[in-house]
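Quick heads-up: it's one chain on its own, the form predicted on its own, in structure tokens.
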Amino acid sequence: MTQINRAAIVGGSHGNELTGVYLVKKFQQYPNLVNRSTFETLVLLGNPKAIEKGRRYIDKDLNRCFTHQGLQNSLLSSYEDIRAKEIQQLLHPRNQPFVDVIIDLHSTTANMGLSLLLSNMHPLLLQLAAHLSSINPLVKVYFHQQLRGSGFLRSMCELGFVIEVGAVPQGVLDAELFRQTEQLVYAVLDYFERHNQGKISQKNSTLTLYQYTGVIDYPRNERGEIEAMIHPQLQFRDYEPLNPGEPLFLTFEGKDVFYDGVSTVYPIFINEAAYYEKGIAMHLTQKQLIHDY
């Protein structure tokens, strides 16, 4: 059995995602809320300078800086590269093993509700996801495989994952989403506590998983400028089916652009504000039922 000895809760890797920022500040002020008897819980703010400025980042996206190469490269001097090395040291103190769990708190302008983002299919993560979605039907589970050290904070340990909530504008707190995220964090910690105590009964439950298949960019002209918007019929319909031939974008001239795929997909991160600069209009997923984990 995988024993959880140390867990880390990180909020504010993006400085304008305030749900995680203020949850971490609350946990720092009231550590008993996240303390559990069988493991230590570390809470930290990911990007303090960006939080202070109310920006996503200062020089570059911190949540892409945790690559093996970048963390070992002493010549990288951007604020986020330096901060990534500091976080690595906090998560892996000298003469101690790396934390067993990373809970990375994020919010999105897309209508993702309460989402768990998994980077691997570790049985304990799948069991946790099945438990959380069984006690709260609002929880959705998104699987996007990432190799260890791929750049995302969650990829730094086998039991790393993201809690992503939305829709909420950047730089804004939504009280209901804050409350729901807080309760989800407690449910995660309680599950790991019971796991350590051997109190988890194995159930043959079915887990609904949305598996990453790719991304779609906005239509753009030769100068790289977008030429269309998310279609009104698609906006805020994260995790809902998109069928071939259904509207995808609406041009500024009012012309519909249709989805030309060959099978039904389930878009998520639809119209995420932070992804405009990354050339991403949405992620596409396939809906799967997982039985054996």
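Keep in mind that this is a model prediction, so the values were computed, not measured. Numbers follow the displayed sequence, beginning with 1.
What follows is about the form predicted together with another copy of the chain, which we do not show.
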Close approach of Ile226 to another copy of the chain in the predicted bound form, 4.5 Å, heavy atom: yes
Contact between Gly214 and another copy of the chain in the predicted bound form at 4.5 Å, heavy atoms? no
Partner proximity in the predicted bound form: Leu147 to another copy of the chain, non-hydrogen atom cutoff 4.5 Å: no
I'd like to know if Thr67 sits close to another copy of the chain in the predicted bound form, meaning any non-hydrogen atom pair within 4.5 angstroms. no
Given that another copy of the chain is left out here, which of Leu138, Leu173, Met121, Leu90 has a heavy atom within 4.5 Å of it in the predicted bound form? Leu173
Identify which of Thr109, Ser78, Thr208, Gln127 has a heavy atom within 4.5 Å of another copy of the chain in the predicted bound form; exactly one of them does. Thr109
Heavy atoms, 4.5 Å, another copy of the chain in the predicted bound form: which of 34-42, 239-247, 252-260, 59-67 makes the cut? Say which one. 252-260
Scan 269-289 and write down, in order along the chain, each residue with a heavy atom lying within 4.5 Å of another copy of the chain in the predicted bound form. Asn271, Ala273, Tyr276
